[in-house]
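What follows is a single chain, given as structure tokens, in the form predicted on its own.
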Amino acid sequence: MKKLTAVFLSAFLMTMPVKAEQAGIDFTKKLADDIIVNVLSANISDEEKLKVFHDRFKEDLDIQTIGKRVTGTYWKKATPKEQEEFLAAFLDFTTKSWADKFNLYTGQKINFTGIQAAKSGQFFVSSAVEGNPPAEVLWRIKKSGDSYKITDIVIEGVSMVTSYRNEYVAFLYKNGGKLSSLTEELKRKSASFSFTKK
């Protein structure tokens, strides 16, 4: 899997300005540090953890771009209201899903190892969670004004966006292509969410 990831990245490899490279790493490292310090290492309730995750994901994820990508051609078939309602449900579900993944963190150090260019002016910040073997995490980010936004997270070669897209497009195909049906399904899953016990 790691070899496939390396081949994928090398296809888009190019030299990046040092300032942009460091700024991208700093953005991603700050996000990871904030989550570890203010959520995972903090003595707070599960409800408080979810609130912090929701606020950070709402601020730092490009949820509209991701929402369009995970619904494929069905996005354009939906009304603006249906799109808006889907994005709200998707953000809530994504927050809980990834909060659960991060909550399994048990104190391992995250090392940020570099940055490489991707398509559409975006780039990958590479990192590794210490372990035996280390877990490779790639953060796909793009410049957004004076800051950055995350457009995908890839763990051990598995893309969040690709995984959701495969699942959601299949669901939409089986349910008449109605985005509102997917929205209700995400709401149902969110309502029954609970953290995985460590």
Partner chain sequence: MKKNGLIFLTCASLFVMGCAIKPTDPIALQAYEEANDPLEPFNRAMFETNMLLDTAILKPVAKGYRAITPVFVRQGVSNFFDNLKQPGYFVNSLLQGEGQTAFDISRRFLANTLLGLGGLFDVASDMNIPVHTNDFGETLAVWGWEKSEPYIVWPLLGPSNPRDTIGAGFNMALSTAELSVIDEPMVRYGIWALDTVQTREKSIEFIESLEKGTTDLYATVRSMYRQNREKKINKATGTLENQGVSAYDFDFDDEE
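We call the rigid core the largest set of C-alpha positions that still match within 1.5 Å between the two forms. Positions refer to the first chain, counted from 1. Please read these numbers as outputs of a predicted model, since none were measured by experiment.
Quick note: we don't show the form predicted together with its partner chain, though the next part is all about it.
Proximity to its partner chain in the model of the complex holds for all of T73, T162 and Y173, with the criterion being a heavy atom within 4.5 Å. Residue-level contacts in the model of the complex: of L61, L50, I36, V154, one residue has a heavy atom within 4.5 Å of its partner chain, and it is V154. The shortest heavy atom separation between K68 and its partner chain in the model of the complex is within 4.5 Å. Its partner chain is not drawn, but in the model of the complex it has no heavy atom within 4.5 Å of F57. Residue contact check for K119: one or more of its heavy atoms lie within 4.5 Å of its partner chain in the model of the complex. Its partner chain is not drawn, but in the model of the complex it has no heavy atom within 4.5 Å of F112. Contacts between 163-186 and its partner chain, taken as any heavy atom within 4.5 Å in the model of the complex, involve S163, R165, N166, E167, Y168, V169, A170, F171, Y173, K174, L182, E185, L186. Relative to the superposed core, A99 undergoes a Cα shift of 2 Å or more between this form and the one not shown.
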